[in-house]
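One chain comes next, on its own, written out as structure tokens in the form predicted alone.
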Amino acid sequence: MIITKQKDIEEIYEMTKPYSKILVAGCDGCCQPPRSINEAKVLAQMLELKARSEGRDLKWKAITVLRQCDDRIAATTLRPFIEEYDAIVSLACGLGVGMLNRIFPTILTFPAQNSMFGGAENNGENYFVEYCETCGDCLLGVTGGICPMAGCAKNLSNGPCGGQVEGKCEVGGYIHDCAWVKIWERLKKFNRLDLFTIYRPPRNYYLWSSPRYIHIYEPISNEEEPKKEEKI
């Protein structure tokens, strides 16, 4: 899931101040904490109160979208309301904001969230943690399921640096665990330290550079094209 943090209400208000009719769009997708219809209504009400304090009238509608990052779902859900409003405030992650600006080019969509990282929720300890950096070259099969890219402050791919002390990382003041020490301990537990010693070539950062594209359906090469039957 994508972890988001709501922007300060003052920042959101300043972005939308030139507009008097605002569509506030929540998202039922993977954002955590949830940013759905209830959150959209609360945000809209807060913006309305800010406007009233300055003697302005603000018309708003709160709505939610199943997934703002899906162009067809977003377009189908929001299109009936677009002509009635001057701007959109999106409670989705940056993917949703970018998508709405693309499919509705005649109206601006503003972000109400800061997208923090892709992570998971540890309910027992009440926090979100980054487990994956979507680097395009997954190492979890040889690191015991612990991602060194997300877990190591220096993104090291072949073991710990000299900065770890008693399993703690120097970055941040020896508070966080060293990802590579955790990897070594986990592989040792399963008697798979052979994976720890595998040589891993330098990372292909081309896979991680932006912008990135993935074709949903790979094109068929000329060699694989079925031969057309000749007419007799």
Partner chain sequence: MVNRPAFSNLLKTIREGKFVFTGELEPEKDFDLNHVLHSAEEMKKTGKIVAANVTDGPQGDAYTCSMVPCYLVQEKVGLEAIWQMTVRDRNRIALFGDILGGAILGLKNLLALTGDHSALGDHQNARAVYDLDSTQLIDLVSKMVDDGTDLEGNEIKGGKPQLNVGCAANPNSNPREPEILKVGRKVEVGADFIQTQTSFDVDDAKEFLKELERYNIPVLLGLFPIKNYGIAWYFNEYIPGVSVPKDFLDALKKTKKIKDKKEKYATIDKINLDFYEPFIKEIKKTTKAAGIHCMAVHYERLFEPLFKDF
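Numbering follows the first chain given and starts at 1. The term rigid core refers to the maximal set of C-alpha atoms that superpose within 1.5 Å between the two forms. Just so it is clear, the structure is predicted and the values come from calculations on it, not from any experiment.
Another form, the form predicted together with its partner chain, is not on view; read the next lines as being about it.
- Only one of Lys59, Arg203, His176, Lys50 comes within 4.5 Å of its partner chain in the predicted complex through a heavy atom, and that residue is Arg203.
- A single residue from the set Met116, Cys138, Val129, Ala153 has any heavy atom within 4.5 angstroms of its partner chain in the predicted complex; that residue is Ala153.
- With its partner chain omitted here, the record of contacts in the predicted complex names 157-165 of 102-110, 68-76, 157-165, 130-138, defined by a heavy atom within 4.5 Å.
- Contact annotation for Asn38: none of its heavy atoms lies within 4.5 Å of its partner chain in the predicted complex.
- Under a 4.5 angstroms non-hydrogen atom cutoff, its partner chain in the predicted complex has Val171 among its neighbouring residues.
- Though the partner is left out of this view, Leu193 does reach within 4.5 Å of its partner chain in the predicted complex, counting heavy atoms only.
- At the 4.5 Å threshold, heavy atoms of Gln45 stay clear of its partner chain in the predicted complex, well away from it.
- For the partner-free chain shown, Tyr174, Trp180, Val181, Trp184, Lys188, Leu193 of 174-193 come within 4.5 angstroms of its partner chain in the predicted complex, judged by any non-hydrogen atom.
- Residue displacement note: Pro105 has its CA displaced by under 2 Å between this form and the one not shown (rigid core superposed).
- After superposition on the rigid core, the Cα atom of Lys182 is displaced by less than 2 Å between this form and the one not shown.
- The Cα position of Ile63 differs by less than 2 Å between this form and the one not shown after fitting on the rigid core.
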